[in-house]
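One chain comes next, on its own, written out as structure tokens in the form predicted alone.
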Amino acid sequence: MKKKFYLETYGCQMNVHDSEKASFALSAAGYEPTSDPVDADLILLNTCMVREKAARKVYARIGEIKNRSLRNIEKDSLPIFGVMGCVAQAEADRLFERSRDIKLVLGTQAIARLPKLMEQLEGGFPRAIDVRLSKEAEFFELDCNVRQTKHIAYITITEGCNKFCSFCIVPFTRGRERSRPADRIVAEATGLGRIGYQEVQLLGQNVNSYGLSGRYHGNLDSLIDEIDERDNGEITFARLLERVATESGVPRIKFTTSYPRDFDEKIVNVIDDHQNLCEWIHLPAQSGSDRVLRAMRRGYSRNDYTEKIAAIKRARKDFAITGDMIVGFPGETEEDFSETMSLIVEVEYDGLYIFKYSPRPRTPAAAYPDSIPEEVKIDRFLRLQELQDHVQKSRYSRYLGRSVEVLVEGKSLRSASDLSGHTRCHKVVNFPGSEDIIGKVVDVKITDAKQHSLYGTLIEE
């Protein structure tokens, strides 16, 4: 009988894609997936550290699953508990120290070595861990025909980050920036298009730095050659987008996440020139205050950021812009916060992820005095959310009466009689329809604008 694994995923699209890779690695090693942790021989939690107290939530979740398992099986046959993702990378051996139930810790670059770690545990080792990070690490490349996601597929183009923003743990959990060869990316996108995927999303912590990152190994001549090649249009992110658009045959192409310092108008121009490049850009500002941006070590000013926004708004396509904001960063004054509020009005975001600042281990900001009281953080969070809700309502209302193209992804979570999907500009649309159109791109006329979604009726062919 095959052993079974249960995998639970938290966080962004990159974590979803990492879970696909882990599932493939385990399946190749003879395991089969199960949707019920009680049936599993291995329970793997793929974690994220964007939210506060991420490690504590891991222990709580393991406790919940263990208690349920104990009610159904004998104690000596409890499953192996494993942690992967950013919490595993950041906490490492501390996970073993704080929970005797955890037997496996898998770092962000160790997914390909998962079967070997399982062999160690099955061979009698009390625990197994691999949290090695290297800028020379190879990418885990996933076959097109083993994806778990339907209709939309993820493609890793970069991993890691070299920015070292003062609040961010990503360079410590994902390592330094590395870029996959363009030919491999294009081939993967082409293969996904051939088997029917309607949309691909290109992923990286900073997709805009694609090309130059991770290729310099101490040889100045090789670095100069890379820069010359970049100037010739071979390896920039804009050039990669152009290649994927023209060579892959995929109907819809999106990407995330962009970094303002590396984002340029060439990217906008390429998207404008190709119908299958979608008009959605996620460009996190994090703050509207120059003083706070300097403390965050973001490497750009508010004016730099708004110039990028202006370039997007000059485009022929009608772009949706989304972003991230942090409130309550150490030292943030009411004046700083007011500048963030004014940036919301100036940019007119279609969507915004708002976070209360909380320190992350090993980051420079963790040593700053966390000087903003919790009640002030909560107040600023709520005020910013109220303002964004007002802006967002206006942005969504402009779709009333319009026809939008929707990739139908499945049944709506809100109503059993409705279907749900995303527009090209990455808005959720719900509408009545039959399940036989799931996986297809259809036209929907928008009749109602909700706070975070649109509602409409299917335009019959």
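Start at 1 with the first residue shown and count on from there. Values in this document were obtained by computation on a predicted structure and should not be read as measured data.
Although it is not shown, the form predicted in complex with a small molecule is what the next lines describe.
TODO: Can you check 182-190, 120-128, 319-327, 88-96 and let me know which stretch has heavy atoms within 4.5 Å of the small molecule in the model of the complex?
DONE: Going by heavy atoms within 4.5 Å, the stretch is 319-327.
Task: Arg360 within 4.5 Å of the small molecule in the model of the complex, heavy atoms - done: Heavy-atom contact with the small molecule at 4.5 Å: present for Arg360.
- [ ] Using a 4.5 Å heavy atom cut-off, state whether Phe139 contacts the small molecule in the model of the complex.
- [x] No, no contact at 4.5 Å.
- [ ] Decide whether Gly82 counts as a contact residue for the small molecule in the model of the complex under a heavy atom distance cut-off of 4.5 Å.
- [x] Heavy-atom contact with the small molecule at 4.5 Å: absent for Gly82.
Open item on the list: Is Gln286 part of the interface with the small molecule in the model of the complex - any heavy atom within 4.5 Å?
Closed with: Yes.
Task: Residue among Tyr197, Phe167, Phe263, Trp280 with a heavy atom within 4.5 Å of the small molecule in the model of the complex - done: Contact residue from the list: Phe167.
Open item on the list: Please identify the residue among Ala55, Val404, Val38, Val50 with any heavy atom within 4.5 Å of the small molecule in the model of the complex.
Closed with: Of the listed residues, the single hit is Val50.
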